[in-house]
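Listed next as structure tokens is one chain, alone, in the form predicted alone.
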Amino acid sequence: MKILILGGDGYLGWPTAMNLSAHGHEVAVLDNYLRRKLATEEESGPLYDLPELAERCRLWQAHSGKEITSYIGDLCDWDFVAGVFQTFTPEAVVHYAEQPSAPYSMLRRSAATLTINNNLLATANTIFAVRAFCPDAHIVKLGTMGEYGTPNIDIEEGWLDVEHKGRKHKFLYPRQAGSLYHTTKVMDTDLLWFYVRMWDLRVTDLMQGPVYGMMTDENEGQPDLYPHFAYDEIFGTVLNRFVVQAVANYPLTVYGKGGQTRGYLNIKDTLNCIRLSVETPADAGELRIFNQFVETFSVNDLAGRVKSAGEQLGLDVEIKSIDNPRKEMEEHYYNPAHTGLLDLGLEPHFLTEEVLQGIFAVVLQHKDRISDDCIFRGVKWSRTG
């Protein structure tokens, strides 16, 4: 299958490209280096440096014998988008190409407007390009479990059957996002659902939980093929951040009571979920939604696991509760369904002691790169201005 990956330089985009290439697909990647640019502007460098996209493609070909084509440009530029879609004409499009950080979206007015403009226009142009140049192509969109928020009822897999005054109808499950970034993801889902109804598009929207780790089957023993690994408060995911904090002898930053519970998954499971979705496409006129996670943990659960794993390595790991800079429930009900991807054949990787030790091993190799100043900035949800 011909697969175009939007945001192919990112933490998940590049590993996805290698995984799909390794499984025999013809892959192209597109990126404009927005995340690299924003991280540089905020002085939030990654744990290790990585080549730019064309060089990553060259390294992958040298390693695997398989070619990945790269396109550098902005999805918000219609002429560029149209040119890529006419040149490559994909059968599937994997859409990661958005400003990916909730804290960044709450940082200041300019960050908020960048998030809105980039995320919504990138999604709209993707939809328009598929309609114009490859109307049978399957769009696989990376959404987020954060779209749902933390309702006091079970979270269904994208849809909710409602009975009201003796009548029944099926609706998108109500969304109540907790950041502007997550709100743009809600808007993405609404855009996709509108154009599925109007134009009979094929769409799979993956409500993904926070991802952890950097090792995949494709990059084992190949550090130049690792994904970006952010550890700062703005761009790093919570488990990755906690491991780096433990290595740096920096107290693990638990926000408030630490009962915030979410669904998590290993980076290997992200790749398998994408591949299963691509290889088993949605029908024309279908918006298929999967909740993409493997296990649920509270922040306290994760902190305890990282503390235990770090102490086994001889590290002195402290857990510290701090004032919560976010507006969120710190103790809540959380019971989301997630059977769709298991039914497609997902074989989960669980957060074991061995997996944690593997993340620690890579972070320890780069300990000298850690900057304490990057770890916690105190981005407050109430202070966007």
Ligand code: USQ
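The shown structure was predicted, so the numbers you read here are calculated from the model rather than taken from an experiment. From 1 onward, residues are counted along the sequence shown.
Same protein, other form: the form predicted in complex with the ligand, not shown, and the subject of what follows.
Put simply, of Gly146, Pro281, Pro90, Pro227 only one has a heavy atom within 4.5 Å of the ligand in the predicted bound form, and it is Gly146. Of the candidates Lys268, Arg262, Arg288, Arg305, Arg262 is the one whose heavy atoms come within 4.5 Å of the ligand in the predicted bound form; the others do not. The stretch that touches the ligand in the predicted bound form, counting heavy atoms within 4.5 Å, is 100-108, out of 81-89, 165-173, 271-279, 100-108. A residue is said to contact a partner when one of its heavy atoms sits within 4.5 Å of a partner heavy atom; Gly236 meets this definition for the ligand in the predicted bound form. For the chain shown alone, Tyr195 is not a contact residue for the ligand in the predicted bound form, no non-hydrogen atom being within 4.5 angstroms. The ligand in the predicted bound form is approached by Gln208, whose closest heavy atom lies within 4.5 angstroms of it. Contact between Tyr255 and the ligand in the predicted bound form is found at the 4.5 Å heavy atom cutoff.
With respect to the ligand in the predicted bound form, the three residues His182, Arg241 and Glu328 uniformly fall within 4.5 angstroms at the level of their nearest heavy atom.
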